[in-house]
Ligand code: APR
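Single chain ahead, written as structure tokens, the form predicted on its own.
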């Protein structure tokens, strides 16, 4: 099951459990901690008094009381002291132990805030990287719906270096009002153009080897002719076999629910959404040409008039196929996320 970043008030999220970024006493405080205690009512404080506090990185579970969530998982994040005091490991432990507790209680979904980024001062971009890394690793092994809840845009921060590189890529490639059909010659020529040599060579996120891969021919004409009549479902299943991947590996890497994948596998004529098709291209680590071919089977194309499409192209050209990291960038640029 998938991972999704959402903008909401965590006290209003209806899930099996929300995670409280608590202090060591578990007796309430400011920020998310105080908001959860106020929304839950006095019963939460009474139960917390029986727990004997909580060490940094550990997690403890209580009832949700007046919250829409059935449970609250309390975890104590590290105070940021410059990064040299084991802060990253302790923050990762917060997420791991909270997820382990949810799994132990057979919970199906859980919502996290961005732990330690309030009064504890943990840099938001570093905290986000740790959260996404731990959650994505967990979801590759376990089935659970995980939300990362961001209260407002100021609470979420992509690394400045990555944000600026994507922004420059968009600025250099975005074209307004392109009228194109996925099968038109003009469209195919536009989408067949590689990213400009200057942009790719100057990018700190693209190695010389990756750059070389983007400009060499990546498809054989005879293969394209042989596969012309494939449906999206047929092409997807063929690619999964060619990559030596299992179904579970594929839908997890695509951030797609297992039930949706079963529909696609069992219906040769299934027509996915464009976002779902791209999610599978990312999961299979397809190059740009292969991605366009898979999209074409579903009736879609990448467009230079879509910021979403350009961001996807950026990550493919960069060789970064981590769908959760891609979703971080999409969220930062107010675009719809992949999968979920």
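Positions refer to the first chain, counted from 1. Bear in mind the structure is a predicted one, so any value in this text is a computation, not a measurement.
There is another form of this protein, the form predicted in complex with adenosine-5-diphosphoribose (APR), and it is not shown here; the text below is about that form.
From the candidate stretches 96-104, 162-170, 238-246, 110-118, select the single one in contact with adenosine-5-diphosphoribose (APR) in the model of the complex, where contact means a heavy atom within 4.5 Å. The contacting stretch is 110-118.
Which residue, 128, 72, 149, 254, is the contact with adenosine-5-diphosphoribose (APR) in the model of the complex, using a 4.5 Å heavy atom cutoff? None of the other options qualify; the answer is 149.
Heavy atom within 4.5 Å of adenosine-5-diphosphoribose (APR) in the model of the complex: which of 30, 52, 43, 68? So the residue touching adenosine-5-diphosphoribose (APR) in the model of the complex, by this definition, is 30.
State yes or no: in the model of the complex, is some non-hydrogen atom of residue 35 no more than 4.5 angstroms from a non-hydrogen atom of adenosine-5-diphosphoribose (APR)? Yes - in the model of the complex, heavy atoms of residue 35 and adenosine-5-diphosphoribose (APR) come within 4.5 Å of each other.
Decide whether residue 323 counts as a contact residue for adenosine-5-diphosphoribose (APR) in the model of the complex under a heavy atom distance cut-off of 4.5 Å. Residue 323 lies outside the contact set for adenosine-5-diphosphoribose (APR).
Is residue 10 part of the interface with adenosine-5-diphosphoribose (APR) in the model of the complex - any heavy atom within 4.5 Å? Yes.
Should residue 15 be counted as a contact of adenosine-5-diphosphoribose (APR) in the model of the complex, where contact means heavy atoms within 4.5 Å? Residue 15: no contact with adenosine-5-diphosphoribose (APR) in the model of the complex.
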